[in-house]
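The chain below stands alone and is given in structure tokens; this is the form predicted on its own.
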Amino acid sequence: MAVTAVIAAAGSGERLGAGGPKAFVPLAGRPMIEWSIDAFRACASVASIVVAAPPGQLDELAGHPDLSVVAGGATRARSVANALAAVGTELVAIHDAARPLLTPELVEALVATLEAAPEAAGVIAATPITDTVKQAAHQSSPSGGSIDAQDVQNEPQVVERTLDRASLWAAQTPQVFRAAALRDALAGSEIGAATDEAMPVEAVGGTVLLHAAGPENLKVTTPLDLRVAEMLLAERSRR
């Protein structure tokens, strides 16, 4: 089955301190997004590539005539929904531009897994969690509202319980879905609340499979992540 690759590239890069969209931050001499584009181009199953780019950055991809470029939305989920309008294949692979160490082998393995499981709506790359995971008790922030990400970083939290890591996985991308199932799930969900595409599919009862991927398929969020990604790409080029 032919696959359309959708690259979500509209992230702000605020935590990276990039001063602009994360997908276009230089990484090993190239804009970060180009590493993912090249990986999808090397996949026999991928028929086309759609990029959801920041509205002000659409011209940045003008040098890639084989890409379809759509304007991203206010949230990652909205960006993916916009890109789905340009998808005409039965399968769609959603990928974050912030995961530049994508390999064609991982994409093809995910596609093969989904093709072999007709009852499944999708399959996602994921890695088993190796850290001990603590769940924090719900608390109010110093300002009296709910805890947000900044509060978690700045204020001590209280452990409520320790989760059983044997059943916990850290979700990654790519995430490959039957396009019709993903469209239906997004249409029936609160789209802005989804942090990955598997969430709305799970919410409507769709079966989502896990495919083990290595931790090197990392997401670049901080300056440290960027340095690690550069090191891994340099190591890969020497092989």
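The structure presented is a predicted model; accordingly, all values stated were derived computationally and were not measured. Quick note: we count residues from 1 along the sequence shown, nothing fancier.
One more form of this protein, predicted in complex with a small molecule, exists but is not displayed; see below.
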Work out which of the listed stretches, 114 to 122, 160 to 168, 128 to 136, 91 to 99, brings a heavy atom within 4.5 angstroms of the small molecule in the model of the complex. 91 to 99
Any non-hydrogen atom of Asn82 within 4.5 angstroms of the small molecule in the model of the complex: no
Contact label in the model of the complex: Pro104 to the small molecule, heavy atom within 4.5 Å: no
Is Ala5 close enough to touch the small molecule in the model of the complex, meaning at least one heavy atom pair within 4.5 Å? no
